[in-house]
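Shown next as structure tokens: one chain only, the form predicted on its own.
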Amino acid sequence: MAEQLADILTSYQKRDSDLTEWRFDLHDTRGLEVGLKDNRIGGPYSAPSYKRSISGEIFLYWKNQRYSSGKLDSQVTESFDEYMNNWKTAAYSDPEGVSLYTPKEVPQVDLADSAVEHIVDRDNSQPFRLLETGLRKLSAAGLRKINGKVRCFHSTRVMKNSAGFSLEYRQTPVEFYFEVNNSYGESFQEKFWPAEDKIEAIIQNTARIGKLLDNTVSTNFSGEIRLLFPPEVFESFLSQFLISNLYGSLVVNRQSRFSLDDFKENRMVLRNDLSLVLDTLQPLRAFSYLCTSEGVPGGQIELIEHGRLRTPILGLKYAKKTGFPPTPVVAGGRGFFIKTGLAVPEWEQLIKNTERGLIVYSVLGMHTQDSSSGSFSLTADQCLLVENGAVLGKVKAVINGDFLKSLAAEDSYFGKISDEDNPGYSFLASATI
């Protein structure tokens, strides 16, 4: 279909001189979904399904700085004239728009696992066995209500433009999760089929923490406390309060905590042992890719180095406006790594060293927080209370603090957890329980 679409666009461009350039990014995806709902695999609310879809986006460059963007689907080649008429009618003017970009070189990284393609095309039994294993072990551990899902796909991505650029590669996204008692769950998202020990670790962690959250303790407390964020919660706060302020569009439009001058002057914004790295070229990882949809090559880049701002996250338009080179972008909220030059203890040791704290597994209303301020006030509905290094049980709390200030504080600590991209995080804040 990609070749056919490219031929149609080339032919159209010869008929309509208004169209000066074009590019598209097409995904042909097929795969499986199998669900587990209320301790039942494949019931009416989680029926197994085999899906195929064609999706993507197209970008058209017209004379006089006019542009169109649109979505692609399986009908685009059959109804091309209708689609093109709509796209041209909806063209907008952007005097600051950029022209077509063709990368000089595309990086190479493995993004497809043949084992996943085998599951999708020939042997559908493994997703069912994964859910059956989780259901059996979590039930045996005494968990009452068990939900889960497995999704595995293989996809071919094709990028082409009117300058002759053509890139095609395969990828195999895999996701699964288990959730117990509507309180806690763990998930896997990569581009390879997980090994048995990884599946076992997710099941055991879900059972262990799910059981701890099943033991509510009664207490009243209001005041300063140490918050302990496991990696997933830490990454959520990083995304909301730090990554979001690094996007070039917000920086240029003065909606970010940081100004363009802050980047030009390499302003110190974190503790000097901390760096923030964006990496989209790790083999078979969920967040990895070869090029952005604009054609900017993926790669590894330090957004913050030793506490100092280095570059915003920039697509082509805002790279042109800021004068910085374009960068890779964060994919799906992952692919960023906090690095510290200090020794990092194990997460369990960090908990044992805590006199009074809350291990926070989920918060409500994160999207309502002002990301540019760094301060937060959130209901943490799934927490474990820690006193004198011992985990006592579940509490519900309202937590308040300033996340960005904490990343500059000397009494904020990290804790290593194996197989995680980022560490757990501990810092002083306040809470009402």
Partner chain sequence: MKVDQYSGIIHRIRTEAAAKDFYFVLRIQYRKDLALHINNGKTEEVSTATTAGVGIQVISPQGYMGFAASDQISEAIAVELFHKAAFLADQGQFYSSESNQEVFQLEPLQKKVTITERHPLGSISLENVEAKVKAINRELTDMDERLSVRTILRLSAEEWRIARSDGTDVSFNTPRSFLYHSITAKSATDTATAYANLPGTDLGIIIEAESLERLRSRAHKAARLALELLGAPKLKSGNYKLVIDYALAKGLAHEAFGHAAETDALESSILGEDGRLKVGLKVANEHLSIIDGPIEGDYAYQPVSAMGIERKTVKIVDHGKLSAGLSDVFSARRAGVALTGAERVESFFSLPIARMTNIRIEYENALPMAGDFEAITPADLYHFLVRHKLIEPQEKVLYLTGFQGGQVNPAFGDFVFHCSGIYALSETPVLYKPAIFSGKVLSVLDSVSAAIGPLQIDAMGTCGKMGQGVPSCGGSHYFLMINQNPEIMIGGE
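Positions refer to the first chain, counted from 1. These figures come from a predicted structure and were not determined experimentally.
Although not depicted, the form predicted together with the partner chain is the subject of the following passage.
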Partner-free chain; cross-checking the partner chain in the predicted complex, the single residue of 356, 145, 198, 208 with a heavy atom within 4.5 Å is 145
Given that the partner chain is left out here, which of 391, 26, 32, 404 has a heavy atom within 4.5 Å of it in the predicted complex? 32
Residues 104, 160 and 229 are flagged as a possible site; in the predicted complex, is every one of them within 4.5 Å of the partner chain by some non-hydrogen atom? no
Any idea which of 165-173, 271-279, 288-296, 69-77 reaches within 4.5 Å of the partner chain in the predicted complex, heavy atoms considered? 69-77
Does residue 38 make contact with the partner chain in the predicted complex, using a 4.5 Å heavy atom cut-off? yes
State yes or no: in the predicted complex, is some non-hydrogen atom of residue 82 no more than 4.5 angstroms from a non-hydrogen atom of the partner chain? yes
Any of the heavy atoms of residue 302 lying within 4.5 Å of the partner chain in the predicted complex? no
May I ask you to check whether residue 387 falls inside a 4.5 Å heavy atom distance of the partner chain in the predicted complex? no
Heavy atom within 4.5 Å of the partner chain in the predicted complex - qualifying residues of 164-182: 181, 182
